[in-house]
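Just the one chain here, the form predicted on its own, laid out as structure tokens.
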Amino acid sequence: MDTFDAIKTRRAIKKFDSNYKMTPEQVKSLMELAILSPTSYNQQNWRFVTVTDHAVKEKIHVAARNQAQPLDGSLVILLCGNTNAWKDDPMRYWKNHPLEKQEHVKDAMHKKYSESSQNRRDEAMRSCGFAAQTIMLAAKQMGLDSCPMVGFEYDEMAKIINLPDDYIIVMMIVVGKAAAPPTERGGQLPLDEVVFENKFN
């Protein structure tokens, strides 16, 4: 599928075919594409919890306020941010580059994140946002459908996936086959209301 077509046809699916099951190879391919998503300083601070086990999906379904998507979709992906990735053996993020480059990036990350929990959180949110779009467009290319979700109880979800203390849950994406076509788009705002040339009017 053409990239433009994937962007135009990607929709948040509410009803999934509960009989459709992704193969392990499909899941692996999707996640191999997800980790090509950009992150600041290449710190790769997203972490993904992939769920196909029905018993776990049932718990997620309850944590998601009994919404059907996690239960009926084939794959549930919890996108989490590691807020301490900046100091987790940071030289490895630039292992293919000279030591001077590695040291420069390490120092820059320390300066930006060591004293600012807000910067660490913001970076995790940005990184997971990039990865989420990659996942949804890659799924569309694979002939699959998706639904991004934030409507769930975060503390309950954290317990289900055994979330480490220095991680945050950013969002959840359900992937599978649509059981029904999406409703018509709600309506996009005109470009002149959301795009400004050079500066705000």
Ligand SMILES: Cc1cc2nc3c(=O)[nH]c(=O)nc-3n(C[C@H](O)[C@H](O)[C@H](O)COP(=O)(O)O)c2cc1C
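Numbering starts at 1 and runs along the sequence shown. Small disclaimer: the values here were computed from a predicted structure and weren't measured.
Beyond the structure shown, there is the form predicted in complex with the named molecule, which is absent from this document and is the topic of what follows.
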- Task: Could you tell me which one of Met149, Ile161, Met31, Ala138 places a heavy atom within 4.5 Å of the named molecule in the model of the complex?
- Result: Met149
- Item | Stretch in contact, per heavy atom within 4.5 angstroms of the named molecule in the model of the complex, of 48-56, 161-169, 61-69, 33-41 | 61-69
- Message: I'd like to know whether Ala12 contacts the named molecule in the model of the complex, with contact meaning heavy atoms within 4.5 angstroms.
- Response: yes
- Item | Residues from 174-188 in contact with the named molecule (non-hydrogen atom within 4.5 Å) in the model of the complex | Arg185
